[in-house]
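Single chain ahead, written as C-alpha cells, the form predicted alone.
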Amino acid sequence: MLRWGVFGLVAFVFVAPLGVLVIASGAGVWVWPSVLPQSWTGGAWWTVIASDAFVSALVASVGIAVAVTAFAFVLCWYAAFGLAHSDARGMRTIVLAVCYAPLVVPPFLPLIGTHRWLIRLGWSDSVWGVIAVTVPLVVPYVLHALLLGLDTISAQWRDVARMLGASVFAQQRTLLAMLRPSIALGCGCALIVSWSQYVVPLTIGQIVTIPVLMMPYIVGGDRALGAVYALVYTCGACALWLSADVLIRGRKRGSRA
C-alpha cells in the first residue's frame, strides 16, 4: 500500500504539470475562476508546427546535442580508461574536480573569456563555437559514467583478450560491449544537457535553438505558445534520453543473435 502511495505521489508531481501544459496549449478562452478553458483551439500547435523558425531551431538543437555528445565521448573514452587503472593516488579526484569546476561558477563568467578566444579562432557566431563551449559542460557526466562502469571490470581483461588472440580493434569492441549501461547513462545525460542550453547558443553563436525560441513566449505571457514550446522542450529531452537507451539495447540484442 505504501509503495503504491509513493508511486502515485511521484506520478502526480511529474504528470500534473504536464497536464496543465497540455490544457494550456489547447486553450482558447480560459479566464478565472474556471478550472477548465471555456473554449478549445489548436491554433497554437499549428502556429508552431508551420513555423520555419521552429523547424530550424529543432534541427539546430538536435544537431548540436548529437555533435556535443559524440565529441565528449571520444574525449572521455581513453581518459576514463587511463584514470580507472592509474596508480597515481588522488589523480582521479583531481581530474573530476577540474571537470566539474565549470559547473560550479555562473555560466556567464567562463563565457566572457571563452568568447574572446573564439573570436580569434573565427568560431564566434557559429555552430562550431557553440559545440566547443558546450563540450566541457557535458564531459563530467560522460567521464564519470564511464569510470563507474570501468570500476566493475577487472584490469586483467585486456591480458585475457590478448591471450585469446583478440586484436586491438576487437578489444575495443569488447570493452564497448561491457560498458553499454555506462555509455547509455553518460550519453543520455550529455544529450539532455546539450539540448537544454540557453545561454551558450544565444551568447556564443547567436543560434536559435528550442530553449532560445521558447523563452520569449514564456516571459512575454503568451500562455498557449509557451505551453506548446514547453511540451516540445520536455518531450525532446525525453526522446533524446530514450534514443540513447534504445540504440544501446538494439546493439545488445544484435550481439546476442
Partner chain sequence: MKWQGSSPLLLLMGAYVCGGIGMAVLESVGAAPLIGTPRWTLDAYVHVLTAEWLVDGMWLTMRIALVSTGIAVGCAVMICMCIGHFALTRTLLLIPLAVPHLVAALLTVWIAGQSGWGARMAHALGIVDHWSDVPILTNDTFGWGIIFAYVWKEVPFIVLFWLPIVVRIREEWVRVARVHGASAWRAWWGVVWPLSWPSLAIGSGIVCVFVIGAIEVPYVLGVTHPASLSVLSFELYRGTLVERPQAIVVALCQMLMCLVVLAIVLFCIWRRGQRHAGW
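Throughout, rigid core stands for the largest set of C-alpha atoms superposing within 1.5 Å between the two forms. Residue numbers count along the first chain shown, from 1. Please read these numbers as outputs of a predicted model, since none were measured by experiment.
Unshown form predicted in complex with its partner chain; subsequent notes refer to it.
For the options Ala170, Val160, Met178, Val98, the one in contact with its partner chain in the model of the complex, meaning a heavy atom within 4.5 Å, is Val98. Among residues of the shown chain, Gly82 is one whose heavy atoms approach its partner chain to within 4.5 Å in the model of the complex. Under a 4.5 angstroms non-hydrogen atom cutoff, its partner chain in the model of the complex lacks Ser154 among its neighbouring residues. Proximity of Leu21 to its partner chain in the model of the complex falls within the 4.5 Å heavy atom cutoff. Mapping the unseen interface onto this chain, Ser34 counts among the residues with a heavy atom inside 4.5 Å of its partner chain in the model of the complex. Residues Val10, Ala11, Val13, Phe14, Val15, Pro17, Leu18, Val20, Leu21, Ala24 of 8-28 are found to place at least one heavy atom within 4.5 Å of its partner chain in the model of the complex. A movement of the C-alpha atom of Pro136 falling short of 2 angstroms is seen between the shown form and the other one when the two forms are aligned on their rigid core.
Comparing the forms between the shown form and the other one, the C-alpha position of Gly149 differs by less than 2 angstroms, with the core used for superposition. Once the rigid core is used as the reference frame, the Cα position of Val127 differs between the shown form and the other one by less than 2 Å.
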